[in-house]
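Here you'll find one protein chain in two forms, each presented separately as structure tokens under the names structure 1 and structure 2.
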Structure 1
């Protein structure tokens, strides 16, 4: 007889613990317990059978793993929480006695670590525990960045203290500086919620969402205590991530922060980055606006030195990485692409592969931008800088730190503007090129030699990694749709931005070519027969042809093997067609090219049919439920692809018409 097991000694009853039990075990208050769980990454769990944990549980009981809670008992933060609890008790006792001054004294002393010798706690040790490697931290950066950027843009209330907001803002700006210097911003998207950014840091794609300015209302149904706890943790995390990122590119962290400039709304401009090993000698302002104009030769030399050093470091690290790779037989994702090197010394100089013709990170390097006062400065400044732009000017309303506040600066090459075109002014004045000398430029009047674009141009350029034609984005022009760069088009889907050749299927292409050939031939014959051909008639013919082809296809589905017969029937069909239209039989005119194409089509069809058969056979293996599901999927897919085909056909027609006109 097996040993009799006691109830509640093993299994779910032992593995899980309810929240109330956990709180009692840790001797904490519930809010403190929540905080600790958030910081330590302990999440509510769900036992397979709640009743097996305890009979008294209800549907809303929350469970945790007993081992997790047991582990929490070793947490040094726990002592801090308990100290706080003791303090609370002392204060409440004093208040109950009416000794208000005593209560105030207790509180004062606890809040003054230098007086009591008890330091306030940090979350430093938790970071390493939660994220054992730096890449783990990068993977969780999506949430962190979204949260911090959101809090940086909140108005301060009692729930969200101004100190926290300022701290979030600072950390975010520091992070942006890293992205600018390292050129790791990849994509950005203007959505109705906010602005999405995607960066690639050490091979990790990081996506975050930044709200538009002055848009966030604080609502009641959000628990700020919980959000605040997350923000506290994420602030610590981003601090460490920034430190690591800054030191990885040889910059000192934290960067110098100019309070005065920040108060004047300089934002990114309030920071000045310094290299690590020249902190004593001097400093470079990596993001100084219009740096190139006042280059100090000394500083330049220092910069060169640093860059050289950095390169050496990189190469070193590359080597070490290679060694590591050799040792561990695993590849680490790196941003650099392979180099082709000649095998023997003195070999040919091999052309090196590059990402593209132009470096996307230097997209705006040679331009000087001016931001009109109605444009969003912060995102534009960040994106332009991240893609190599050095000189950005803006209206003084938008804050300090501009390259120039003068709109008429002759060095400006691009002017970002988002104003409607005023009709009256144009009729009155004509073009603005006449009054070049005028100080102020009236509505609708432009400075010559400068490209005017709407803000979307910047985003579209960045996402497509090329400079878009600015005419499409001129002020007052109907903008092309702003597409999401995060959506990959499904294969076979119609994409308006791609040329037809790039997206049509093989079958479609052949069909189109055949049609063209036929049309050409017909036209030839028509010209022989009759000189004036109506387009309408032509259309009709096309339709009839389509019908005939469809018929032919249906016929073909019936018999598979007999190719010869098939061709015969096809020919007969053609003859019939010709008879109907009162024309000569053209089968003799079919040139070898068309013939090969016809054959190709036939092969394709055959292949498709075989595939369909295979699929049918495979479907037989599925259960009835799954088969139904699959059929449904197939149905919708076919519908979709038919729609795409239609769209492509429409475009083909339009293009053809255009070509004929031209």
Structure 2
């Protein structure tokens, strides 16, 4: 006889557990349960059939996997939460007895765990469990960086303590220093939400968002307790990642931090990096903003010894290479680079390798920048340093850490400015002098021999990996469109970088030409009407004389056909109507070019109609399932095509307005 299964011991009823049951099983409060689930990566699950799980289920019931809750029973953090609960009970009992001194002692020991010798809980073991390898941690770094950069810009409140904000800011600046030293930053984009950055760390692309430096307003509809739980986990994660990254390039972690400089707004300049070995000394000097560093003579002697030994090894290897070249009479390898060609026509176009004359990581290495007060100093400083610039100056009101605070420093090559054009000062004789060539510089005047650009120039140079023409980004100039470097244009879609003629369809081009011709004809008719209003009286007299002559001719010639008479009366009626409206009768003559375009448009419409009929006949051969799938694909493609057509029409209108203004 088979064993009888009891209800609720197998299937969905056993695999799922409600949140209330889970909280009772773990003997935790609801806030502690939320914390534990967030840190351990356990999320609610939706069963296929809620009625099979429990008959008393409602729409708001939350379910978890029973195995996940069973896994939480062995978590060491449970004991920490229980100890905290016991401490709270002790404090409440002491206050209930009126023993304030004991309650203060318990609270003091809870606030200072070093006094009791029992540290607070740490999430180190949770990080090691959730991320077995370093690449797993890098893949999950996007949300971590976005959240920490957000909290680093928030004001301190009761929900967001100042210590958390300072910790987030310090971890973010340490991560930025790694990107500067390793030159791992690749792209950046200015959006409405903030500034997007993309870095490549050990083969992993990491994209995060940094808000602008505005005064943030804390609203009440955001639960900062839940966000604070995530931030607490992400701070531990980024600390682990920073330690591993610094160790990989031979730097000590954590770097030295100058509290006084940080209070004066130095930010990146408040950190001083130290190398573990001698190979990193050149890199640590690169982030010192051009300041000279003292070198230990013993270390310098060892470095010179190693360099001398390396040179000897290179000379020996060159000699052996020459001997091998003389001995071998085989073909010499060419310096040409292999090209990747698609196997099938219409395949993916692969990026072709090319000789790089310049290193993108050293794009701004030879320049000295000065940032005006109105420019965003923090993102500009970070991007310029990440791409090789070692000398960046700014006004003293923006904080410490600048290469120079003197705007008239002759070593400055590029001046980033974001204010209206400053006109050249007029001399006493009345001759205006150009700003770029002026020798006497007054207040708010340009300095000679210096390139003035707007901040967008830095971002566009970084995204294109080349120095853009500064004339396009001069102060007061209409800037070129700032396009996202993360969007790759698919074939057939609208691409803002290509000219309009290269991507518009044939029907759109014909329609645009016809509209232009129509507008030109309307403008011509308006001009002629204005001229006719001035000469209305002369036209009336001439028309009366013509009518009299026409009547005389009609009397003389009685053999005129009826069709001609009707056409003349119709023409006369049109002329009279035009006289009453103050306009001139338009001759119904069509331009040959316009006529050919109209015929071509009709041919295209006929062809499109035939293709649609053929497609409908072909769809009839498909099964019902495949036909529905094909119709969904068609709907999506038509929707995208309509959006692209709308963008092209908008661009065509803007170009037309720009041409009229010019």
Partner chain sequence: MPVLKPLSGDGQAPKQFKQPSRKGKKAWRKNVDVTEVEQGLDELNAQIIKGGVIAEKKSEELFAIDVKPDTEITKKLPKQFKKPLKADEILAQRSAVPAVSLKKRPASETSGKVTDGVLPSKRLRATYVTHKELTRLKRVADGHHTTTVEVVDATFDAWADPEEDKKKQMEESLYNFLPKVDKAKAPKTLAQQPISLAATGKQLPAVPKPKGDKSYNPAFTDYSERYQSELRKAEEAERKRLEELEKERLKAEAAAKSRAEAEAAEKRAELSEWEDDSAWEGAESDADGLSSKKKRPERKTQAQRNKIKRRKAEEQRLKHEAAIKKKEAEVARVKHIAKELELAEKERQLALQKAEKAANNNPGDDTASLEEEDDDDVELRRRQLGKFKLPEKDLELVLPDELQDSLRLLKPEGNLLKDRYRNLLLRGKVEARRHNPYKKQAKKQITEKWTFKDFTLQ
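Computed from a predicted structure; not experimentally measured. Between two forms, the rigid core is defined as the largest C-alpha subset superposing within 1.5 Å. Positions refer to the first chain, counted from 1.
- Of the two forms shown, the one predicted in complex with its partner chain is structure 1, not structure 2.
- After superposition on the rigid core, displacement of the C-alpha of residue 176 between structure 1 and structure 2 stays below 2 Å.
- Fitting the two forms on the rigid core leaves the C-alpha of residue 651 displaced by at least 2 angstroms between structure 1 and structure 2.
- Once both forms are fitted on their rigid core, the CA atom of residue 242 lies less than 2 Å apart between structure 1 and structure 2.
- In the core-aligned comparison between structure 1 and structure 2, the Cα atom of residue 635 sits 7.2 Å away from its counterpart.
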